[in-house]
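This document opens with one chain alone, in structure tokens, the form predicted on its own.
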């Protein structure tokens, strides 16, 4: 699913220069098509058995289920009857012609979009194939099922301010910030929520547990500590795998539908912003501290992990990723290490020739003592993280993972 060369060139041209009143309708549509990929719109507004942009995808919240809506050009069920002003209000303030939208639609990020990009998106969606698919009713508890309450929520939690460049940063950095915080809406998953379930901007990008896995800490401080380079980020966002490991859980479709379509310049801007560095970033030396066969975790690793990941954690091409330099295991709190042990990982196919086998779940195989020993051993051999986790700590994290899975299922 790659954009053709002409479209890439066209997109790059329009991203470099703001759209003007002289832009043709076709140019606006092509620009909007590219921007819609950046926003991951189709992925959230399309169900497996449905037509593109027809809506109906469920989003589980603590208050019940919100279903994505039909955003095709159909005038009865979609947004074909929207004016540009209607569309702008929905994108910036979460206000549609029929009332307030739930912030499962990330207008809390999209408000940053500039007028010319909103117009390009509008022209694109008005050009899409109309889908005669009726919207599903949300299944929310009282009083969250009353949309009027969203007016108060927005008053307290939402700022509809358009993106403003940081004068102390470069044009490239600002472009990356615009993509990541705006259409990319990365903060919606990677930023913890406060008591009102709004993004806690004081903890911007510090990570959040969603559906049994952590949307990782992607602050420049953490990414630089882990030794990510721009090429590593380019690889993982464009291909789904890199020297630093692979994406899994909710990030896999984001790569497939959205970030894999970025132009070279836009990806460079994104990586510059995420690392807070316009220059090249040198790779750090990999950590391999050697095996300790007297450690109880050694036999667990050899028995359950080495067959795919290699005895020295080198990984196997098209089978499993390496543990050497793997960012998932190099975290202060090993939520995702435990998550993949408990839940496994589905097969990941990145192309016809590249991908990794599924990893089995060890939920019913390893007890908390074994999970603790294995996690400590992995940290001891391939990271500089402390390897003295206790069973009570691991049990607490396992409980959090299970609670997160339960929340996502209801």
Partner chain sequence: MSTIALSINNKAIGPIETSDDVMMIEFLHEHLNMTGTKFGCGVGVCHACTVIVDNEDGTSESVRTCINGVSRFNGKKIRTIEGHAKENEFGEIIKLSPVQETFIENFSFQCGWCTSGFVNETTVLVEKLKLMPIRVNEIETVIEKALGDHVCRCTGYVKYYKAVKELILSTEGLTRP
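This structure is a prediction, so every number in the text was calculated from the model and none was measured. Residue numbers count along the first chain shown, from 1.
In what follows, reference is made to the form predicted together with its partner chain, a form of this protein that is not presented.
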4.5 Å heavy atom contact with its partner chain in the model of the complex for all of 299, 316 and 365: yes
4.5 Å heavy atom contact, residue 293 and its partner chain in the model of the complex: yes
Heavy atom of residue 63 within 4.5 Å of its partner chain in the model of the complex: no
Interface membership of residue 357, its partner chain in the model of the complex, 4.5 Å heavy atom rule: yes
Proximity of residue 311 to its partner chain in the model of the complex, heavy atoms at 4.5 Å: yes
Listed range touching its partner chain, judged in the model of the complex by heavy atoms within 4.5 Å, from 247 to 255, 160 to 168, 123 to 131, 300 to 308: 300 to 308
